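Shown next as structure tokens: one chain only, the form predicted alone.
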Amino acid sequence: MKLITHNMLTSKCLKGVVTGYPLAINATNIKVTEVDFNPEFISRIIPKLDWEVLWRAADSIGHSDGLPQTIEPKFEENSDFLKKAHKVLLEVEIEEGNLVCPESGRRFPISKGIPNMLLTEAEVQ
């Protein structure tokens, strides 16, 4: 699971959960795979992200080195910033572990890079 995906996941469909965001990450296996750098894509996706959640997620798995905690003004003109964002968003991948709902503590397994967010009928609101 890439951190770009994590930034958009929530567990608000669980009974009793209001927000369910951000999900905590408990990673047991992380891999980093080089992906072609596309500054245009990164520039367009950054405004759609919750940057603070992205930074905290990267930090929680040990991949926030050099990544600023806030988005810089005119970030789209800063190649170094875009490359750091690219690495965290598209190259770092959680292969195995769990996502944890911040309100209920419900764990969602991540296996082979895929988060299983399926709920039982009893868990759905």
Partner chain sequence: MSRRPEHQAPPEVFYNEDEARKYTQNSRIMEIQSQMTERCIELLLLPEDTPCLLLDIGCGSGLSGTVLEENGHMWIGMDISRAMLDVAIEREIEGDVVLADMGEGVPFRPGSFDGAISVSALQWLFNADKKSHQPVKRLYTFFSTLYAALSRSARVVFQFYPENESQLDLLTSQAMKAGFYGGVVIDFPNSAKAKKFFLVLMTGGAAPLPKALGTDEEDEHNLQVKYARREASKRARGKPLKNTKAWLLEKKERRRKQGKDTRPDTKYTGRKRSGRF
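Numbering follows the first chain given and starts at 1. Note that the structure is a prediction, hence the values are computed from the model and not measured.
Keep in mind that the form predicted together with the partner chain is not shown, yet the notes after this line are about it.
Participant: Considering 90, 27, 82, 58, which brings a non-hydrogen atom within 4.5 Å of the partner chain in the model of the complex?
Facilitator: Exactly one residue meets the criterion: 90.
Participant: If we define contact as a non-hydrogen atom of the residue within 4.5 angstroms of the partner, is residue 76 a contact of the partner chain in the model of the complex?
Facilitator: Judged by the heavy-atom cut-off of 4.5 Å, residue 76 is well away from the partner chain in the model of the complex.
Participant: If you check in the model of the complex, is residue 12 within 4.5 Å of the partner chain, heavy atoms only?
Facilitator: It does: once the partner chain is placed as it appears in the model of the complex, residue 12 has a heavy atom within 4.5 Å of it.
Participant: Given that the partner chain is not shown alongside this chain, does residue 45 nevertheless sit within 4.5 Å of it in the model of the complex, heavy atom to heavy atom?
Facilitator: Looking in the model of the complex, residue contacts with the partner chain include residue 45, since a heavy atom lies within 4.5 Å.
Participant: Using the partner position in the model of the complex, report whether residue 40 sits within 4.5 Å of the partner chain, counting heavy atoms only.
Facilitator: Residue 40: yes, in contact with the partner chain in the model of the complex.
Participant: Go through 1-32 residue by residue and record those having a heavy atom within 4.5 Å of the partner chain in the model of the complex; state none if no residue qualifies.
Facilitator: Result: 1, 2, 4, 5, 7, 8, 9, 10, 12, 13, 21.
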